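Below sits a lone chain in structure tokens, taken as the form predicted alone.
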């Protein structure tokens, strides 16, 4: 019998495989294929960053144009899917996105083409789900690229000048090593299941409040913070009860989440006096003073999207519409050097019972 190796619960600090897609450097920077994610967010388009994540290199001008056009062409969805959504009228956007990804009548025969189709349709699926439930007409997006088009579908139209800030956020959401949804996808991929099934595993995992679903919960408490004293009282009460404060703490980042600080910087430029931003800063400062607990990207991402006029129901689909490009890369990295992921468990139940 092979030797059993016990590891930390939740696989904390356990290296389970190798990846060339993303990592956090020793200095605390999130790297995509060796480039700082915050540099890519500042200087590159969503499409060029996605190309990098999937292909391992930045595109040249011709590759960039072809890839951008391929995404644009694939963003359109089949009419039959819209008919299903009209009948179903599902309120939960993530649940419906997962269902429609599974049910979609894909015409693509090769796995790369299939993945690109899945990558491209989440914005339209998100918008259509919301409109079908609310009895509104379907809306086709307008814009120069993937994130601009998505933004035009889901924002209130009052902050078009800040569409670039939304694109930066989507770039920072695109990839983050072996996070829970990515690992779920790789577990599925390791069985050599098809890309659609693997993505459905990832979407189901992303929906959890301890992974992608924290954004809305951030806004629930920030609205009640009107002063620094309110911030202190809220933090003290949570600490006393031993309760988690959403938007703070991270398995990887112990001192700072570079994504959070980058989005915070965006807010300082476009909305320095926004009440939710000021409340978040007050809580961040006090929580660091009390517990050395850093803000994570969910804190400021929620505020940015709220400021941009995006309904809370879209927050998690925005995450999914970005992260699916990372899932794309991880699926093929897994299957191209595969071994089924099947850990052991320590049994702690009863034995030798008799009837």
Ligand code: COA
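Positions refer to the first chain, counted from 1. Keep in mind that what you see is a predicted model, and the values were worked out from it rather than measured.
The following text describes the form predicted together with this ligand, which does not appear among the structures shown.
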Within 4.5 Å of this ligand in the model of the complex, heavy atom basis, the matching stretch of 135-143, 244-252, 155-163, 70-78 is 244-252
Out of 223, 209, 113, 265, which one falls within 4.5 Å of this ligand in the model of the complex, going by heavy atoms? 209
The listed residue (293, 38, 52, 308) that reaches within 4.5 Å of this ligand in the model of the complex by any heavy atom is 293
My question is simply whether residue 12 lines the interface with this ligand in the model of the complex - judged by any non-hydrogen atom within 4.5 Å. yes
